[in-house]
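The chain that follows stands alone, in the form predicted alone, written as structure tokens.
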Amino acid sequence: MPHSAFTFDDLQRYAPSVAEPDDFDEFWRATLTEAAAVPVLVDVRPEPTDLRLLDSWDVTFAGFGGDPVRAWYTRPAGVREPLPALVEYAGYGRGRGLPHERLTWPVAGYAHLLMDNRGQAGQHGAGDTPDPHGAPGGPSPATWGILDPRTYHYRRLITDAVRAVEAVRALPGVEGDRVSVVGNSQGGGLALAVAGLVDDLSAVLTTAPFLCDMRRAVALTDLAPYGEIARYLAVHREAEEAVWRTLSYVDAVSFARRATAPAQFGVGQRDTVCPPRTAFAAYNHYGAANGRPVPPERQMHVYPFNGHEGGEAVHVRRQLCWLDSVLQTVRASVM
């Protein structure tokens, strides 16, 4: 059945068993422990933007392997008190761009950190963080180092994403106990990964997430990024077992199962880039294995006539309203 043939009822019931290696937790525990041995902030300097209502800083923090990762930190100008923070992750083939490109969250009153994607800029947006780690694999980020989970590009990128949360908490003007993550497509997959690795987030906002139910996704679509993995396997037929093993360490469904923070999802039901059933795999498993007696709040918005673009500005408005309500609850619980 093609993914577009799945009804909404089918999607609500879709909770596949996703392969998960026995050492999944230890793999990520060791990876993050190694990263944490390096102080997180490397450099923070003011960035002129000619925007009178916002202040921006050019931030460099230590990501995977201590590698310098760039980010923009932006917050409302003239506001002295600490603010709740949002860490945003960019989509596939994009970078952090220019500091005035993504202003929704700081204009809404948040301290906002936009993380660059190591090595990916140039396809759909600008960035300036290299990925200096070479390993056997294909020509695109989705296949860099794909033969071994230790060398895979997404081990490094997910580690960067966790370190971005640590970085924003170390920056001035941030309420460290009210930090949330947000992302679309690849950024949505990174947000889910962080949700499973950082147990004290305030909220998770993910739309059209990549990295979910990956073996199924590769079978469903020929479009990038999943299609790049299929094209790699079309040439390297002997690599299939190694590739599936590597992907099992970065599948966002496994991270979602461990998540503890409230989450809001958004999908376009006609998405052919990140098929909607794969997002529902993460949604339906969300918080199922976090060891807590009460599962976290979660909600899903489906746009039946939209593709990878999802709900666009309509959904952003829903994100703004939902996050505000969640953070009010967080504030009340700590007062």
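Please read all numbers here as calculations on a predicted model, not as lab measurements. Numbers for residues come from their place in the sequence shown, where the first is 1.
Although it is not shown, the form predicted in complex with a further copy of the same chain is what the next lines describe.
A.B. asks: Does every residue of L11, R163 and A170 put a non-hydrogen atom within 4.5 angstroms of a further copy of the same chain in the predicted bound form?
C.D. replies: Per the other structure, none of L11, R163 and A170 touch a further copy of the same chain.
A.B. asks: I need to confirm a contact call. Of G291, P46, P304, P295, which residue comes within 4.5 Å of a further copy of the same chain in the predicted bound form, counting heavy atoms only?
C.D. replies: In short, P304.
A.B. asks: Could you check which residue among S248, T151, T260, Q123 gets a heavy atom within 4.5 Å of a further copy of the same chain in the predicted bound form?
C.D. replies: By the 4.5 Å criterion, the partner-contacting residue is Q123.
A.B. asks: If we take heavy atoms and a 4.5 Å cut-off, which stretch out of 205-213, 102-110, 252-260, 192-200 is in contact with a further copy of the same chain in the predicted bound form?
C.D. replies: Partner-contacting stretch among the options: 102-110.
A.B. asks: Indicate whether R29 is a 4.5 Å heavy atom neighbour of a further copy of the same chain in the predicted bound form.
C.D. replies: Output for R29 is no: heavy atoms all beyond 4.5 Å of a further copy of the same chain.
A.B. asks: How about R237: is it within 4.5 Å of a further copy of the same chain in the predicted bound form, going by heavy atoms?
C.D. replies: Within the cut-off, so yes.
A.B. asks: Quick one: does G311 come within 4.5 Å of a further copy of the same chain in the predicted bound form, counting heavy atoms only?
C.D. replies: G311: yes, in contact with a further copy of the same chain in the predicted bound form.
A.B. asks: Is it the case that A242, even though its partner is missing from this view, gets within 4.5 Å of a further copy of the same chain in the predicted bound form, heavy atoms only?
C.D. replies: No, A242 stays farther than 4.5 Å from a further copy of the same chain in the predicted bound form.
A.B. asks: If we check a further copy of the same chain in the predicted bound form, which of the residues in 204-218 reach within 4.5 angstroms of it by a non-hydrogen atom?
C.D. replies: The one in contact is V218.
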